[in-house]
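In the form predicted alone, a lone chain appears below as structure tokens.
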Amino acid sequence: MPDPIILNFSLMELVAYVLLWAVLGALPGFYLFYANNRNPRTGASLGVVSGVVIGWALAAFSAELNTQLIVNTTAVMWLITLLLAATMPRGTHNVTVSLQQRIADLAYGLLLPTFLIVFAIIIFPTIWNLVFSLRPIKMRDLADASIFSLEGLTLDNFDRVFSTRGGQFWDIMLTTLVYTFFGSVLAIFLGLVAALVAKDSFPGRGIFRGFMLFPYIAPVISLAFIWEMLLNSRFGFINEIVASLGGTRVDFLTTPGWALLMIILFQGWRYFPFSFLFILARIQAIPDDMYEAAKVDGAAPSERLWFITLPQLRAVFGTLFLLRFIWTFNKFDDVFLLTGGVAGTEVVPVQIYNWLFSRQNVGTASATAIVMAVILFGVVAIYFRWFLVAEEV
């Protein structure tokens, strides 16, 4: 008879396995007791014990564990929970605790699914990525790689990130920051212009507002293809205009300098509708009395814009810049589809892609992603500390 699978667990795998079953047991236990007006924290505690016992039994009496077995066991646990919920007599928990305690129980009940989803799709992959960044692992090693193994930890991946081709990483990081900053600012500026145009009533305003959303809702691959056709050096519309005016045709997407400018313009054009919606909503919330009073005082339209509209939009600008900076900093598809990262447009997400798929180096790709995340956290922390603008009440 084969040895039980639990005998082959490393310490990290055993800890992760126990935590998994503790969570799988705690969730139905919490809701079972909550639905029957009993102390849900007691139910969660009993569920933890039950889940760990069930998981231990599976590992102790099985020679192999797979996802299907865990899913089936979890489904049976929930089925038993539903049966118990229908037959268990209701308790008196609500009348024995304070209102604050009942509100806290409800908050836990509502937040638990969200927390588990966030942990499964964000926190756990981040931990996994961190472990891989400290291991010399290639693409061919993934099939046999242990997720929780801490053997062979090394900083070689980080050394490779910073030493490749004479400090290339910092050049790429500078390109990423330039692309991110100017792309974010351009998107906000275009959104402001569009919002100022669309705020007043005029024939066809609804159609105009809907048309403004086109760059944001259209598939990025089709938009990138259109831009490639427009900027093509041989038959592109832009170069046809340049040639008709006596200028020299330019391959905008493969010429250093021009290529970076084009992806910044594309970033601003594609994502300005997001800023447009935020800014338009805030402009429409500005009381008309402020504009009427300014008109009575003889303020010109430019003065009303500068002294009334823009100050009211400061908090919106701050929020938009933060969101757009984070999203643009992590952008991969726009740059990859337009230039592939050539001509001085390689940003960090594209470098991660190249490490992973071109060079088959999972460890170095993970290390690059970790460095990128740390730098982004630092920039965001600086923004929150010195540049965040709060809404004035």
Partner chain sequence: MTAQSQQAPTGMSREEFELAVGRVVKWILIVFFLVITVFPFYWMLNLAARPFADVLQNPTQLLPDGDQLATIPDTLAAIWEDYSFKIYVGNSLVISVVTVLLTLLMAVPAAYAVTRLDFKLKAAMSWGILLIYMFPAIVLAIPLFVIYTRLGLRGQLFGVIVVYMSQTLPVSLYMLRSYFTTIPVDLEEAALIDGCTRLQTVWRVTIPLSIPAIVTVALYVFMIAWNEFLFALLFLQSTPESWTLPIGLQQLNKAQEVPITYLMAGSLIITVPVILLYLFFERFLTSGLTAGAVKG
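In this text, the rigid core denotes the largest set of C-alpha atoms whose superposition between the two forms falls within 1.5 Å. Numbering follows the first chain given and starts at 1. All values reported here derive from a predicted model rather than from experimental measurement.
In what follows, reference is made to the form predicted in complex with its partner chain, a form of this protein that is not presented.
Candidate site Trp56, Ile172 and Val178: all three near its partner chain in the predicted complex by heavy atom within 4.5 Å: The answer is no: none of the three residues contacts the partner (heavy atom, 4.5 Å cut-off).
Candidate stretches 316-324, 254-262, 155-163, 81-89, one within 4.5 Å of its partner chain in the predicted complex by heavy atom: Heavy-atom contact with the partner occurs in 316-324.
Listed residue that, although its partner chain is not shown, lies within 4.5 Å of it in the predicted complex (heavy atoms), from Ile283, Leu190, Met77, Leu134: Checked against the cut-off, the match is Leu190.
Heavy atom within 4.5 Å of its partner chain in the predicted complex - residue from Asn129, Asn94, Gln312, Thr73: Exactly one listed residue reaches within 4.5 Å, namely Asn129.
Contact test in the predicted complex: Arg38 vs its partner chain, heavy atoms, 4.5 Å: Arg38 lies outside the contact set for its partner chain.
4.5 angstroms heavy atom contact with its partner chain in the predicted complex for Gly210: Gly210: contacts its partner chain in the predicted complex.
4.5 Å heavy atom contact, Thr248 and its partner chain in the predicted complex: Outside the cut-off, so no.
Partner contact for Ala243 in the predicted complex: its partner chain, 4.5 angstroms, heavy atom: No.
Stretch 230-251 - residues with a heavy atom within 4.5 Å of its partner chain in the predicted complex: In sequence order, Leu230, Arg234, Phe235, Phe237, Glu240 come within 4.5 Å of the partner.
Flag for Arg90, CA shift 2 Å or larger between the shown form and the other one after aligning core: Yes, because once the rigid core is superposed, the C-alpha of Arg90 moves 2 Å or more between the shown form and the other one.
Flag for Phe119, CA shift 2 Å or larger between the shown form and the other one after aligning core: Comparing forms between the shown form and the other one, the Phe119 CA shifts at least 2 Å.
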